[in-house]
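Coming up is one lone chain in structure tokens, specifically the form predicted alone.
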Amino acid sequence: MKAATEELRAAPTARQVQLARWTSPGFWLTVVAVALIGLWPLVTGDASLRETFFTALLSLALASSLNIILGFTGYVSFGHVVFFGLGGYVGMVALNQGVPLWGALPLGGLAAGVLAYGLGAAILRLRGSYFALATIGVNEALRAFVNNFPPFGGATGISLQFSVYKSYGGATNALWLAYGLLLTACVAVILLSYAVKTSKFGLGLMAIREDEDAAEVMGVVTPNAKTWAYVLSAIIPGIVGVIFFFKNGNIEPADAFRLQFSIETIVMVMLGGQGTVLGAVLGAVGYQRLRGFLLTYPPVKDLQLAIAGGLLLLIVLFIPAGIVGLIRRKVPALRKFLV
């Protein structure tokens, strides 16, 4: 009895377990690596490097946010770009109305979150391929709506008034500002993803991924859990959409709601390893390197989307756990670094 009591006292408390999770070396290595590499264009002032890194960071932010719903719950969303596009439109309207960028960013995120909450209550009752098809329908429906919605500029979209950039030191300085904000958003979404993964809420989401009916029996309120996961996965794309179109200076329905964006983001998550924080980072960077090669290699430059689909098929068939899962299996000693 005495031995059992001493063992119980020696057992770590919930607070100690949570603290141990936040001291994971693999997680902080990921955060520091993204931050330091992302800061390099700012340190060197290299505009060409900035543009290359901007594309990679954009993919990283979208993949990490999608991972919250796809990786943790297993729900495959082909409509993730909807939140990116809606956030961009709301941000552009706000900026043209004189709202500063610092106000437009949360407005874009809020609009995406509200839309996700409304959609989640409806389409998250569907499962598997039915949910995936519903998200495609949502993307096409919203694109058609925006295409015929005069306050959003209809088919011609919205162009940012050049005077907006004067508040930020001109268009050139605005490019660097957009890059810095995107890097900040990437670090934030990595932190958010890890916080969800290591929380009680995240455990509930992963229980849904493994067996939703069993999760309900164990006490997980699955409709609420899925809806809030969907909302969290939508907020970052909404904010990133504001940053991206602020940098571009204009937005059109075809650019804001490209289904190809969603498909490529799914490939990134699956390639790196769904349900892992590091996987979304590796998948985004790796796919962008592949995409850059495809776009500059004449024989395959028009087959980019077909190759992305083929890559997704290969991942599902041969490495369903992605790069991170493959390394975990082959090199067990690295598991503690692969969060």
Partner chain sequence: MDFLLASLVDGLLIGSVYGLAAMGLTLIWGVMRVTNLAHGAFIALGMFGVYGLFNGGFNPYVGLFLVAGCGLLVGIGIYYVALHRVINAPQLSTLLATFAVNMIILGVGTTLFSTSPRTIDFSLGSFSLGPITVQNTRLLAALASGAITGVLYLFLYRTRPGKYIRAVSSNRAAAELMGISSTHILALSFGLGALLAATAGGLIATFFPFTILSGDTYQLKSFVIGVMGGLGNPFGALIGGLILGLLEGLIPVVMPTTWVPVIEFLLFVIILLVRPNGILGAKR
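All figures in this text were calculated on a predicted structure; none of them were measured in a lab. Residue numbers count along the first chain shown, from 1.
There is another form of this protein, the form predicted in complex with the partner chain, and it is not shown here; the text below is about that form.
Residues with any non-hydrogen atom within 4.5 angstroms of the partner chain in the predicted complex fall in just one of 240 to 248, 165 to 173, 93 to 101, 133 to 141: 133 to 141. Remark: none of the three candidate residues (V43, Q161 and T184) comes within 4.5 Å of the partner chain in the predicted complex, counting heavy atoms only.
With the partner omitted here, the residue from A47, A35, L312, L29 that has a non-hydrogen atom within 4.5 angstroms of the partner chain in the predicted complex is L312. This chain is displayed alone, yet in the predicted complex one of L57, I69, M270, V281 has a heavy atom within 4.5 Å of the partner chain; that residue is M270. Within 4.5 Å of some heavy atom of the partner chain in the predicted complex lies at least one heavy atom of I123. Although the partner is absent from this view, L295 stays clear of the partner chain in the predicted complex, with no non-hydrogen atom inside 4.5 angstroms. In the predicted complex, the partner chain sits beyond 4.5 Å of every heavy atom of W22. Using a 4.5 angstroms threshold between heavy atoms, V285 stays clear of the partner chain in the predicted complex. Taking the partner chain as positioned in the predicted complex, the residues of 303 to 329 that bring a heavy atom within 4.5 Å of it are, in sequence order, L303, L305, A306, A308, G309, G310, L312, L313, V316, L317, F318.
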